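In the block that follows, a single chain appears as structure tokens, in the form predicted alone.
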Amino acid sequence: MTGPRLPLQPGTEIRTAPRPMTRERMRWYVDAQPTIGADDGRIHTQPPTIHDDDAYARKNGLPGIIADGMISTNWIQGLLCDLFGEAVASRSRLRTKYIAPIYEDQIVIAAVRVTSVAQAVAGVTSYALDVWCEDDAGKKLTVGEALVHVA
């Protein structure tokens, strides 16, 4: 997405385009950690989890695999980066909570709403934000808050 120009006003709400949570995307995320840990140029997998094995997920009461919560957090973080640029990497904090599972092929939209804007000293503007991911019916799946300081 191309983000709006700063400054943002309280009440401004921005959303990403809807995108499906694909099985392939969920698998990439699960395999990333052992693959990065091994750092040998090969893809490594881990023992079955609710994020990558339907049978294991069903044994744990789910209808099938669900996305790792960090994927939706990363989509929120990506939206913050689009809006605020490099300030997100050095002058921000983000807290999320996963309130509903995200299933294969479920449509997910990341969103932020500016709750307050504070002009601080030395030309730094602080944006307090509500953040969330929702499905295409508007049901919230991940919720949280962020604070970004922009020079």
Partner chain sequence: MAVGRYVSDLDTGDVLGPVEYVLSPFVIREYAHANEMHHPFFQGLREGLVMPPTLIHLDKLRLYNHACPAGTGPDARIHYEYDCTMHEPVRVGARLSVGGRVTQRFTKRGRDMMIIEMELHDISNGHLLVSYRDTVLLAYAQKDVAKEAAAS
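Positions refer to the first chain, counted from 1. Note that this is a predicted model, so its numbers are computed, not measured.
Just so you know, the form predicted together with its partner chain exists too; it's not on screen, but the next bit is about it.
Judged against its partner chain in the predicted complex with a 4.5 angstroms heavy atom cut-off, the residues Arg15, Arg23 and Lys140 are out of contact without exception. This chain appears without its partner; in the predicted complex, the one residue of Thr35, Ser126, Thr115, Gln106 with a heavy atom within 4.5 Å of its partner chain is Thr35. The shortest heavy atom separation between Ser90 and its partner chain in the predicted complex is within 4.5 Å. Heavy atoms of Gly61 reach within 4.5 Å of its partner chain in the predicted complex, making it an interface residue.
Among residues of the shown chain, Ala111 is not one whose heavy atoms approach its partner chain to within 4.5 Å in the predicted complex. Using a 4.5 angstroms limit between non-hydrogen atoms, Asp54 is distant from its partner chain in the predicted complex. Shown without its partner, the chain has Cys81, Asp82, Gly85, Glu86, Val88, Ala89, Ser90, Arg91, Ser92, Arg93, Leu94, Arg95, Thr96, Lys97, Tyr98 in segment 81 to 107 as residues with a non-hydrogen atom within 4.5 angstroms of its partner chain in the predicted complex.
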